[in-house]
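Next comes just one chain, in structure tokens: the form predicted on its own.
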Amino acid sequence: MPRGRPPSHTREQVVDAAIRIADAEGLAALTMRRIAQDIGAGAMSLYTYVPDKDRLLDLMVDRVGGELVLPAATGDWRTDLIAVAGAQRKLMLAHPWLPAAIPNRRLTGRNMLAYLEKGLAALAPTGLDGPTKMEIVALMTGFVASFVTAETTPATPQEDQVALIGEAVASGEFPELAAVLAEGGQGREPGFDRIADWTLTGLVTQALAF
């Protein structure tokens, strides 16, 4: 019995094209038509390789997850968690669309499961129960995504911020803010390692206290 023509492309080619587009132009530019143009295919033919855009995003997230360089565990949960968070931040900075793509994804691919495994292994010395460890890993991912989004989003020009805040403080309606600014509260850069340490240590310490 004769068979139909073999597919002209592969799922891997479709996913790679989608990642290229998202890296260069963001998720808003990612459409089946745009991907089809990139690989020289008909838009409807892409559904041969992926059933819908949600599944495509799952595959994209897992594909770039293979680039995640996860450090060897030291056995110190605090050191290891911060290292995993740092590796995740590096990946998100390389693919700035990731923070927006990750929420509510079906992270069942082997690369993302390897990340989950590493996060859970970092928490193993704490003795926390499984559901709590899963929650902490999820919260860690959310923290990193939020931090990277702030890093990669164009900010209001510094001089405009200073002028607007200065005007508000001068009104006398914000005494606590005025006190913080008097101590140099705007002068420190939001260092990732420091804030990650506060966040993750606080989460684990609080969980252990329950």
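Numbers for residues come from their place in the sequence shown, where the first is 1. Everything numeric here is computed off the predicted structure, so don't read it as measured data. Rigid core here is just the name for the largest C-alpha set that superposes within 1.5 Å across the two forms.
From this point on, the text means the form predicted together with a further copy of the same chain, which you will not see here.
The closest heavy atom approach of Arg55 to a further copy of the same chain in the model of the complex falls within 4.5 Å. Taking the partner from elsewhere, Pro175 is found to have a heavy atom lying within 4.5 Å of a further copy of the same chain in the model of the complex.
Of the heavy atoms in Arg20, none are within 4.5 Å of a further copy of the same chain in the model of the complex. None of the heavy atoms of Gln13 is located within 4.5 Å of a further copy of the same chain in the model of the complex. Of the candidate stretches 66-74, 39-47, 22-30, 159-167, only 159-167 contains residues with a heavy atom within 4.5 Å of a further copy of the same chain in the model of the complex. Although a further copy of the same chain is not shown here, in the model of the complex the stretch 94-132 places heavy atoms of Asn104, Arg106, Leu107, Thr108, Gly109, Arg110, Leu113, Ala114, Leu116, Glu117, Leu120, Ala121, Ala124, Asp129, Gly130, Pro131, Thr132 within 4.5 Å of it, in sequence order.
Core-superposed comparison between this form and the one not shown: the Cα of Ala178 travels 2 Å or more.
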